[in-house]
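Only one chain comes next, encoded as structure tokens, the form predicted alone.
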């Protein structure tokens, strides 16, 4: 049944010309150089320090490693961070 749901979502995205991140509940990240990162579609902050940010995702976690990290804005499903971003990793 799960495969049918995935096929239905993919078909819906194609027919309605919707972005797949919306249909499949995927995170969307916009990075500007190595200094700013905007992440949409997260499920909450699990850990934050000036060197590490861990966010819950619908399926797994997102980890951002860096230096002097600062959360500039946080909303229900969006977060905006600044600092020296060294690594971004998704753990499923």
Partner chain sequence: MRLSWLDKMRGVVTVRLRGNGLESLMNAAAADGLQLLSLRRTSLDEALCGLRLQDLFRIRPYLRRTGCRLRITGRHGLPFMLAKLERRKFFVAGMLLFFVGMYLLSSLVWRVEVKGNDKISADLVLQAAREEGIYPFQWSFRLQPFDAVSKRMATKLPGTAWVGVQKHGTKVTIELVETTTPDAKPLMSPRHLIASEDAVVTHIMAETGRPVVRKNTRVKKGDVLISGLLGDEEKEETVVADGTVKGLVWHEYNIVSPLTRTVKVYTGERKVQWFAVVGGRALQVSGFGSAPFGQYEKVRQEQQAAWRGISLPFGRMKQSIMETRLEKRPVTKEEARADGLLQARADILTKAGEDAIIRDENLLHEKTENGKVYMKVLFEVEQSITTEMPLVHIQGE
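In this text, all values refer to a predicted model and were calculated from it rather than measured experimentally. Residue numbers count along the first chain shown, from 1.
The discussion below concerns the form predicted in complex with the partner chain, not included here.
Undergrad: Can residue 46 be called a contact residue for the partner chain in the model of the complex at 4.5 Å between heavy atoms?
TA: Taking the distances in the model of the complex, the answer for residue 46 is yes, it comes within 4.5 Å of the partner chain.
Undergrad: With a cut-off of 4.5 Å between heavy atoms, is residue 50 one of the residues that contacts the partner chain in the model of the complex?
TA: Answer yes; at least one heavy atom of residue 50 falls within 4.5 Å of the partner chain in the model of the complex.
Undergrad: Classify residue 11 as contacting or not contacting the partner chain in the model of the complex by the rule of any non-hydrogen atom within 4.5 angstroms, answering yes or no.
TA: Contact with the partner chain, no.
Undergrad: Is residue 71 one of the residues lying within 4.5 Å of the partner chain in the model of the complex, judged by heavy atom distances?
TA: It does: once the partner chain is placed as it appears in the model of the complex, residue 71 has a heavy atom within 4.5 Å of it.
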